[in-house]
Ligand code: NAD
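Single chain ahead, written as structure tokens, the form predicted alone.
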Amino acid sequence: MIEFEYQTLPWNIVFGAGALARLPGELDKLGMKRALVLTTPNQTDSGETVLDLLDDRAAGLFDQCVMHVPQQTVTAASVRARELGADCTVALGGGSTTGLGKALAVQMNLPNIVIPTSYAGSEMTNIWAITDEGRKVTARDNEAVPTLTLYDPELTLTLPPKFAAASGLNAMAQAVVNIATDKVNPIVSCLAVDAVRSLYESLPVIMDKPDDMEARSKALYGACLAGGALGTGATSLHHKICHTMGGTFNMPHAETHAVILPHSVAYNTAATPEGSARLAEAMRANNAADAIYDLMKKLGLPLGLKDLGFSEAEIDKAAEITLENSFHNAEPVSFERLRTLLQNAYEGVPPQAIT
């Protein structure tokens, strides 16, 4: 007997090569007249290009977006939006810009348009976060869902293959936690399985042929579905760990998700046998955790937290902070087992069950 509940999010999506050119017309449809463009410092030139495209629809540029959405950045962007009389934001980039746009949408009721240039997938969720005083605090609010998400695979061509791979694993994590779960939702699971399959197949092609538009488009599609799965699904131990790593230790977002993912999957495999088998099947493998670890090696990604600059001396602190607030996970979590997971992830050893 099948029983489930499902409620979609208010998505509004335009997807296709060259879709950026549609931005002015889409803003006109939405009645938006003064857009504040958001970018990171290294994407200022791209932000200026969007300003030129928007012409008199552009209010100005805020190019100080950074990882993990620090409270001071939100405050500075809020001041800038008010000074310019912005009636919406256009976030061009990855999770840093999307995250800031979401925070402004929730805190200022400022509609946000998102143009992803990476495979973050967060534009498809209602999860928003702010980092303050060494803690990354997350919440769900449908006001955070972009008023419009415009996917243009051509914009991902400048994403270096190595970062594209890490970004893709970050997106894959959003799908994985909604396949290998004890709270399976059949609609969410369908999104998640197709996401994993698309990312698993496209990322190696991008590494070999960075200009392959079909692979770039397939990866962006996979990220879209993965974010959709997380947006209407759930998080668990994996994301709790990664939020700790980002908020407290300022670890690189995508690469940290990639390193933690095979270990979090291995941790939950015994409690999610059917979901873990389905996840493995999506990657044409026998063991899901091993398949993800092998994919990381194939893509040339860092395998251990030590490779990302994390200190072994901080493992206990990371475990303690992760457990500060309760969260759902298929397999029970204790300090000792979590510490073992983090030690394995630190060293970059092959994933293994933790008893």
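These numbers come from a predicted model, not from an experiment. A residue's number is simply how far along the shown sequence it sits, counting from 1.
Omitted from view is the form predicted in complex with this ligand, to which the following refers.
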property: is_contact(Phe163, this ligand) in the predicted bound form, heavy atom dist at most 4.5 Å; result: yes
property: Non-hydrogen atom contact Asn42 with this ligand in the predicted bound form at 4.5 angstroms; result: yes
property: Contact flag, Lys102 vs this ligand in the predicted bound form, heavy atom cut 4.5 Å; result: yes
property: 4.5 Å heavy atom contact, Thr147 to this ligand in the predicted bound form; result: no
property: Position in contact with this ligand when the complex is considered in the predicted bound form, options Leu230, Ile206, Ile179, Met172, heavy atoms within 4.5 Å; result: Leu230
property: Selected contact from Thr256, Ser122, Ser236, Ser198, since only one has a non-hydrogen atom within 4.5 angstroms of this ligand in the predicted bound form; result: Ser122
property: Among 94-102, 271-279, 179-187, 74-82, the region lying within 4.5 Å of this ligand in the predicted bound form by heavy atom distance; result: 94-102
property: Partner contacts in the predicted bound form for 53-80 (non-hydrogen atom within 4.5 angstroms of this ligand); result: Met67, His68
